[in-house]
Ligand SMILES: NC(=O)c1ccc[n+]([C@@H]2O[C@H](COP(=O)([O-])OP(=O)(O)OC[C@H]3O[C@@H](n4cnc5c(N)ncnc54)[C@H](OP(=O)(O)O)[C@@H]3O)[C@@H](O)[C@H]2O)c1
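Quick setup: one chain, the form predicted on its own, written in structure tokens, and binding and motion questions come after.
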Amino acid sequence: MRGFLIETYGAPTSHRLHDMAGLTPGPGEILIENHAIGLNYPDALMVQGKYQKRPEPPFRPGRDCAGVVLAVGEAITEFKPGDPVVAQVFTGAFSEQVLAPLSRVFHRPEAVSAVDAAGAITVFNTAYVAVSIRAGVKEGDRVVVTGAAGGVGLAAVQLARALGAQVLGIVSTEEKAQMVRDCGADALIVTEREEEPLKQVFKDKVRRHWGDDRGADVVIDTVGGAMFIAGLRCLGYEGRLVIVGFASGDIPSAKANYLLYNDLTVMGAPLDIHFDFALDRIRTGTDWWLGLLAEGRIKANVSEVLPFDRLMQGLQDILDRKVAGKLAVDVRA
């Protein structure tokens, strides 16, 4: 089989395809014939050695894949060869064959393509943790999503809408605003990036959007930096801000007295830890949004499908912020 191997950490385009030996599942493992790969910002960090968890080279990178089951390990009864699946592993997805632990493999509805499933698995599971598990979004809530045209942002917009919330996506261009509107939400273009002006502009525009001074119930923040501070300012009574990531590269701090005086809650939404401590909730959420995807009620928003040999260029494009929506790879192209 072919796959990417990280022999030494470096820029995405410094890595290449290798010929490798085929794989065999051990106990508790599932061997997947990989048809499609989803590309994520953390993948780009991982191959450079900049992710918070650093596997020791050599290793096969990649976290999102979809295809069909080739073989199952001892005592596995939930899956059988030929089953369509999608998987979210820690490493190893950038290969024609993928070994995945049982806890990281999900049944894929026949109506959901491998490309859509692979492109959606991390961003929608991340969004599910943020929107449902952590923020507890419910019908009628006012939800603001920063970086709303990114992969997680568009997923959060759609899941919040599916739960009955009123959703406002924050973007930087009209093109990105249209992507948010196409997902059924309102969009607000904010170009200011300096913290002090942004705080006031953001607060005024968000509150004006709903025509009163109540503010937002929830902010899902994928950007960090000044956008995080601005997000706090637009929250109303008992508002919740959920930290998903720091696309701006700036990790902010909140003043505890502001949280106290305004009755606010700030919380993180890490995805991977939920596989260890809340796997049943992850399985429930994944089945839910895959069902929505199969019914056409949400979209994977895969904006481009690359051939296998251009995978690393795709990661570089993500780093260079050239991607709106989601990149996927057709392994068999």
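We number the residues from 1 along the sequence you see. Just so it is clear, the structure is predicted and the values come from calculations on it, not from any experiment.
From this point on, the text means the form predicted together with the ligand, which you will not see here.
No residue of the trio G67, P84 and L293 has any heavy atom within 4.5 Å of the ligand in the predicted complex. The closest heavy atom approach of R240 to the ligand in the predicted complex falls outside 4.5 Å. Of the heavy atoms in Q178, none are within 4.5 Å of the ligand in the predicted complex. At a distance threshold of 4.5 angstroms between non-hydrogen atoms, P57 is out of contact with the ligand in the predicted complex. Looking at P270, you'd find a heavy atom of it within 4.5 angstroms of the ligand in the predicted complex.
Just one listed stretch, out of 93-101, 230-238, 69-77, 215-223, contacts the ligand in the predicted complex at the 4.5 Å heavy atom level, and that stretch is 215-223.
V152 is the sole member of V105, V167, V152, A114 with a non-hydrogen atom within 4.5 Å of the ligand in the predicted complex.
Of the residues in 303-330, only R321 comes within 4.5 Å of the ligand in the predicted complex through at least one heavy atom.
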